[in-house]
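In structure tokens, the next block holds one chain alone, the form predicted alone.
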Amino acid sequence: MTDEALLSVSELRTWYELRKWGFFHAGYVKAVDGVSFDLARREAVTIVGESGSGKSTLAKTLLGLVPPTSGEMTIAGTKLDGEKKGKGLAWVRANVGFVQQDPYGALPPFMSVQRILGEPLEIHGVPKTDQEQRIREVLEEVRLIPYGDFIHKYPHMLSGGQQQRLVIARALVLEPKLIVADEPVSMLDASVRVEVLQLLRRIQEQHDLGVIYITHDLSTVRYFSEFAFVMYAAKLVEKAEVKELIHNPLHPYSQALLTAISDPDAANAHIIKEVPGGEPPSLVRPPSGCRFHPRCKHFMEGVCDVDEPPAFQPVAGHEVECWLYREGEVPVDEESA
């Protein structure tokens, strides 16, 4: 990531306070815990991880929907924090678009397409004389054409793919600098998923947008972004270019995610894939040291369970938080040794 930074995140933490009986402090859910990364203009990055890893909380924090507990976020030179209110929060809303997971649930059923797209423009002071032209432009960009066939429709009158295109149009209508897409194709038919991802990719390239694509499906990553970050138990445990990550996953958790991808080749149906045992850790009381160590086949007692691993770079541009690489070591698969 050598281009000019659009988004910079440093030691970001978002913790949810727990209370007993509604009054007494009972700890925190550490949903995002010490996340740092940079995103350059015109780049797309995928954040991948299983459910409960903190991906959606990270997205909500970047969008200003949840205030961060600590850390820093800067978008296009503007520092964001939990104190943003009024004009400051309006700036975030105008410059960071959000593509939700469930398009039908994200769209108000009592509002027409024209009103759904016109409301953000009105709130942000776009003159009425310019609103119709902007709505027409953004509908054409997401391929909801001809304009007259869609402008007066309501969400229930659209197919799932058309609803998601409308959600994308709403995210684009204010011409943001950054798009956060949280599982944007998980609710769609397989036949429509590639179309929506290709649409997002084309729009990103045309407008020089930064895009954060959040998913648990590694099979779609290679078709969308340049970089991939693997998130586990509220931390980013591996960062690399997509091709590098897919062909050379270093963290044991990343290797497990790739192993879990379904294989369409019927000849491999009899092969039993090895997956880590156990369950993801509690984010209220996470394990000491490396958070993956209770499930890791490379666990080293007295090392992995004592200190959190820093980011090592055994390959140029490929970072991994795993003690196996503290001296350039590479884990050896015992079955293939």
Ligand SMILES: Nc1ncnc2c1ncn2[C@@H]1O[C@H](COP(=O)(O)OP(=O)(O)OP(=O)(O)O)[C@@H](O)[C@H]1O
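Keep in mind it's a predicted model, so treat the numbers as computed, not measured. All residue numbers are counted from 1 along the displayed sequence.
One more form of this protein, predicted in complex with this ligand, exists but is not displayed; see below.
Exercise for the section: Sort through L63, A44, C296, L283 and report the residue having a heavy atom within 4.5 Å of this ligand in the model of the complex. Expected result: Exactly one listed residue reaches within 4.5 Å, namely L283.
Handout entry: Which of 272-280, 307-315, 286-294, 26-34 sits within 4.5 Å of this ligand in the model of the complex, heavy atom basis
Key = Of the options given, it is 26-34.
Practice task
May I ask you to check whether G52 falls inside a 4.5 Å heavy atom distance of this ligand in the model of the complex?
Solution key: Although this ligand is absent here, G52 would touch it in the model of the complex, with heavy atoms inside 4.5 Å.
Problem - Close approach of S56 to this ligand in the model of the complex, 4.5 Å, heavy atom - result: Although this ligand is absent here, S56 would touch it in the model of the complex, with heavy atoms inside 4.5 Å.
Exercise for the section: Check whether Q101 has any heavy atom within 4.5 Å of a heavy atom of this ligand in the model of the complex, and answer yes or no. Expected result: Heavy-atom contact with this ligand at 4.5 Å: present for Q101.
Handout entry: Residue contact check: E183 to this ligand in the model of the complex, 4.5 Å heavy atom
Key = Yes - in the model of the complex, heavy atoms of E183 and this ligand come within 4.5 Å of each other.
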